[in-house]
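The chain that follows stands alone, in the form predicted alone, written as C-alpha cells.
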C-alpha cells in the first residue's frame, strides 16, 4: 500500500528503517557476541537449505543419458567451479572443490536477494508484527566476516598441516629479506614479520569488506530509487510530474537491477576464487 504524503516517512527515517536488523538487543560496543540478528540467521539458513535441496534433487534425478535442462544446468555449474579449482589450486584436496561450490552458490544467493523489491518482505514482516527485517545476508558484517574468518581458519589449518608449524612461521619470518649470515638473518626477522604479518591478517578483512561494501551500496541505491516516489504517496498518481517520477523510477530500477545482478555474480566469483587462491598458497611450499 502506498502511503499518503503526510504518512510517508522522511528519507532519513526510511533509510534507517531499512538498515535496522530484527535483533534480540542493541549491540553494546563494536563487538558484542550476545547480539543475534534473527533475519540474517533465518535467510542464511533458508538459502543454504534451498541451495542444498536444489543440488540434492538434481543428484537424485541424474540420468546417464542426455541430461535435461535442470540436470544440465547443475552439471554445468559443477564443472565450471571444478575448472576454476583446477586452474587456481595447485595442491590435492577433496575439500576445495565442494567448498568452492558451496561458497559460490551460497554467496550468490545472498547477493541475489538484493533484487527482491526493497519494501516487499519488510512490509510483509510488518504485517505479521515484526518491526524490522533485512533480507540480504551479505549486507550483514556478521555474516560476511563469519564466511571470511572460516576461510582464514582453513588457510591456517592447511598452512600448518602442509608445511609444519616451523615452515609456516618461517614464511613470515624469513621473507622477503634473507641472508646466509645467521646474525644478519636474526636482524631481518622483525622487519620481515612487520612486512608480512599485517598483509596476511588483512586477508579476511578485505575478503569480507569487499563483498559487504559492494552489496550494501547496491541496497542503498535501491532505497534511494524508492525515495523518488515514496515522499509523494498517492499524490504521485494525481499529476503528470508524479507519473514521470514513477516511470523514471521504474526505468532506473530495471537498469540498476541488471547491473546489481552482474555485481552479485561478480562478487560471488571473487569470493570463491580468492578462497581457492588463499588455500592454494597455504598448501604451496614455495
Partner chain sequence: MNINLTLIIQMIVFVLLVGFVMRWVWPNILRAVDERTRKIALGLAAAEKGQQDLAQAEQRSDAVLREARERAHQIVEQAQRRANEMIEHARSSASAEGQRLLTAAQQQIELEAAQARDSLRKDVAQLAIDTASKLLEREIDARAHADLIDKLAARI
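Positions refer to the first chain, counted from 1. The shown structure was predicted, so the numbers you read here are calculated from the model rather than taken from an experiment.
Not pictured, yet referred to below: the form predicted in complex with the partner chain.
At the 4.5 Å heavy atom threshold, is residue 150 in contact with the partner chain in the model of the complex? Judged by the heavy-atom cut-off of 4.5 Å, residue 150 is in contact with the partner chain in the model of the complex.
Determine whether any heavy atom of residue 45 comes within 4.5 Å of a heavy atom of the partner chain in the model of the complex, and answer yes or no. The answer is yes: residue 45 has a heavy atom within 4.5 Å of the partner chain.
4.5 Å heavy atom contact, residue 186 to the partner chain in the model of the complex: Result no; residue 186 lies far from the partner chain in the model of the complex.
Mark residue 201 yes when one of its heavy atoms lies within 4.5 Å of a heavy atom of the partner chain in the model of the complex, and no otherwise. No - in the model of the complex, heavy atoms of residue 201 and the partner chain never come within 4.5 Å of each other.
Answer with one of 244, 251, 59, 258: the residue that has a non-hydrogen atom within 4.5 Å of the partner chain in the model of the complex. Comparing distances to the partner chain in the model of the complex, the residue within 4.5 Å is 59.
Under a 4.5 angstroms heavy atom criterion, identify the one residue in 91, 146, 213, 170 near the partner chain in the model of the complex. Selected residue: 146.
Going by heavy atoms within 4.5 Å, which of 114 to 122, 192 to 200, 160 to 168, 79 to 87 lines up against the partner chain in the model of the complex? Comparing against the partner chain in the model of the complex, the contact stretch is 79 to 87.
If you look in the model of the complex, which residues in 71 to 102 sit within 4.5 Å of the partner chain (heavy atoms)? Those in contact are 71, 74, 75, 78, 79, 81, 82, 94, 95, 97, 98, 99, 101, 102.
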